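The chain below stands alone and is given in structure tokens; this is the form predicted alone.
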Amino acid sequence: MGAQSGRPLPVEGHEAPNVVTATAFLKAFNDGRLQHVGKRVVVVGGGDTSIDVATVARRLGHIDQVHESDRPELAIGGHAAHDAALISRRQGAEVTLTSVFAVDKMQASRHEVEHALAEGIAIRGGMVPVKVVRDASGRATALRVARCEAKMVGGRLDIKTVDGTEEDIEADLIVSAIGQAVDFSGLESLNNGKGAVSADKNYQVAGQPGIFCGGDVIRPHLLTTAIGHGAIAAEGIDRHLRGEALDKRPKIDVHSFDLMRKMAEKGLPLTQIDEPLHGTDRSTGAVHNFENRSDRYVIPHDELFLGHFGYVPRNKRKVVTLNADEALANFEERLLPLVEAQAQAEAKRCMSCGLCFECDNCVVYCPQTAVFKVKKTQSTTGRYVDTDYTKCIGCHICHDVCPTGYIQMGLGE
């Protein structure tokens, strides 16, 4: 379902036809219906979405002598689409972004704020909307704002308005980018009373077995968050359809190494494993020197054999910064991608910290020939080399020459 509805401004006059939400504005633009905006646009927000709206408005600009049927709010509302021919008369628009937080405290990404300022967007921090000023026909002509102090208190936003600081910012279009909401039309039973859906660890709707959810219906967040919810919910749906109990999930989802599965992939017999899985050389059904330490251990730089790695400069993506004039009608990407050769070169800079990449240093430098390669017919993932502990004298040379810090001493008996 997502949170596809924008939150309207919680002030008097927000029902004016030219006061719209950010989601409606951006959808109209992405659908190709919105080709221009008013001469003066005011965006209320402070997050990345508000920056998106402000920069799009700056690029669209305005046209003179707007016919009634060409008003931006009609295209945003889905009642009409702008004639693409109008864009030939496009001129710059004055775009103002207001936020209850100071500019340096806004939730938007720092680089997004810097780009918006460079493009001529006026950002006014510490301002709270108090009223939409309308004319006799009911259309908004300005947004009345006041100075304020905003801070988070116990997870809630506390805003204190400074009396006597009200002023009007003239506007032909006002966009509310203060959050998103879920449209529960026809699915009111899923509403938890707070405009969202409550879910358990398996992302099953609380109190409604067989109904699973994920993404912005739980709380608006990142696309990757929604994808993660979907992956977990899919596992829960599978178990539900099989009639299996939904077990509690760990706080952190990890994909642990499955030795039995790897042996099956290699066509090896699934023999009973009686030996310990870590630090043994007496069983082929074990993973030599393997231990998942990722939950509590990070390989520091002094565990790497840095002599193995030459300095390779980073391939940085180029960022295009536009000024106010260049932004008009410019919808090209600002963050340029790496070309294929650069992407490959950047990937090769990885030092595989904590992972064995089969460099053979441990085999070559072992003075006792205790470390040896496992035959391909006997190898499984994680068992590229093995150690004969009857020869090993604990000299630590294998550890010292390991480029990635993979070899740890003292993991066995």
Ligand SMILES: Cc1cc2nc3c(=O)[nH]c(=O)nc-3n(C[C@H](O)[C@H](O)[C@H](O)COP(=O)(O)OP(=O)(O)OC[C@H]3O[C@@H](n4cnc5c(N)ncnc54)[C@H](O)[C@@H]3O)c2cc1C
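Each residue number is its position in the shown sequence, starting from 1. Note that this is a predicted model, so its numbers are computed, not measured.
There is another form of the same protein, the form predicted together with the ligand; it is not shown, and what comes next is about it.
Participant: Pick from 221-229, 319-327, 162-170, 135-143: which stretch has non-hydrogen atoms within 4.5 Å of the ligand in the predicted bound form?
Facilitator: The contacting stretch is 221-229.
Participant: Might Gly236 be said to contact the ligand in the predicted bound form, defining contact as any heavy atom within 4.5 Å?
Facilitator: Judged by the heavy-atom cut-off of 4.5 Å, Gly236 is well away from the ligand in the predicted bound form.
Participant: Can you work out whether Gly215 and the ligand are in contact in the predicted bound form, taking contact to mean some heavy atom pair no more than 4.5 Å apart?
Facilitator: Contact with the ligand, yes.
Participant: I'd like to know if Leu26 sits close to the ligand in the predicted bound form, meaning any non-hydrogen atom pair within 4.5 angstroms.
Facilitator: Flag for Leu26 set to yes.
Participant: If we define contact as a non-hydrogen atom of the residue within 4.5 angstroms of the partner, is Gln35 a contact of the ligand in the predicted bound form?
Facilitator: Contact with the ligand, no.
Participant: Out of Ala80, Leu241, Leu157, Leu187, which one falls within 4.5 Å of the ligand in the predicted bound form, going by heavy atoms?
Facilitator: Of the listed residues, the single hit is Leu187.
Participant: Since exactly one of Gln208, Asn202, Gln180, Asn315 fits, which has a heavy atom within 4.5 Å of the ligand in the predicted bound form?
Facilitator: None of the other options qualify; the answer is Gln180.
Participant: Pull the contact list for 34-62: residues with a heavy atom within 4.5 Å of the ligand in the predicted bound form, in sequence order.
Facilitator: Residues within 4.5 Å: Thr49, Asp52.
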